[in-house]
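One chain is shown next in structure tokens, namely the form predicted on its own.
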Amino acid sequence: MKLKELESCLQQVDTFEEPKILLEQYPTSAHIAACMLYTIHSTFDDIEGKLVADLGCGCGVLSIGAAMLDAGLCVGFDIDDDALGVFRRNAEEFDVCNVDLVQCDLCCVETESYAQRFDTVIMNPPFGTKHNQGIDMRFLRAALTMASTAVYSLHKTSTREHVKKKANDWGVKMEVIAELRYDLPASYKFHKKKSVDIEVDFIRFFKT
């Protein structure tokens, strides 16, 4: 499957019906999702035939994209039942059967029980607002525990040095694969602008 074809398919994925601000529910655009997945697939060969986890999967755009790229199985983890309901509908509409769902709070789940159970972990974690400060690093810590090969994640460029320090503390290498502009659409009543561009790093974490 070519990149443009993947992006075109992912544009059909339904997103949050009533996004929850406390969960930082913002949709991952089809363009960013397709670019992430295509790079993971074509450059690093970390999707096809692999056991993949999608942390904070939301409505499933990354999981469904991974399924289309022939992941052996992609398991989506999310706390929100409403989002997982949309995910299930999306999976049915796209007729993908190599996806599964787990409803849990990744900040509380015993990730040791999933230790190195997945070849690859992909995620667009909450960036950590005033309400959720540090949640991005809790997601990353869980992801690193669960992955046996690599973690692919999005993080605000402004936090790069902090992320690098954490990765170093945890004994993992990180590589910034690309710098992206995350077009954040106005999803909540308090948003004054139609959209805001946020500079985001697409990062690969791996053990040496």
Ligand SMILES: C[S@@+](CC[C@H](N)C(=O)[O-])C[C@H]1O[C@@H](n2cnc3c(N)ncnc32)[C@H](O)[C@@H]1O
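These numbers come from a predicted model, not from an experiment. Residue indices: 1-based, along the sequence shown.
If you look for the form predicted together with this ligand, you will not find it shown, but the lines that follow are about it.
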**Blocked or open, judged by overlaying this ligand from its pose in the predicted complex and testing 2.4 Å from backbone or C-beta atoms** = open
**Asked** Applying a 4.5 Å heavy atom distance criterion, does Ile79 contact this ligand in the predicted complex?
**Response** yes
**Asked** If you check in the predicted complex, is Leu106 within 4.5 Å of this ligand, heavy atoms only?
**Response** yes
**Request:** Answer for Tyr152 alone: is it within 4.5 Å of this ligand in the predicted complex, judged on heavy atom distances?
**Result:** no
**Message:** Taking any heavy atom pair closer than or equal to 4.5 Å as contact, tell me whether Ile135 reaches this ligand in the predicted complex.
**Reply:** yes
**Message:** If contact means a heavy atom within 4.5 Å, which one of 157-165, 135-143, 38-46, 65-73 is the stretch that engages this ligand in the predicted complex?
**Reply:** 135-143
**Prompt:** Out of 15-50, which residues reach within 4.5 Å of this ligand in the predicted complex, heavy atoms considered?
**Reply:** Phe16, Leu23, Glu24, Gln25, Tyr26, Pro27, Thr28
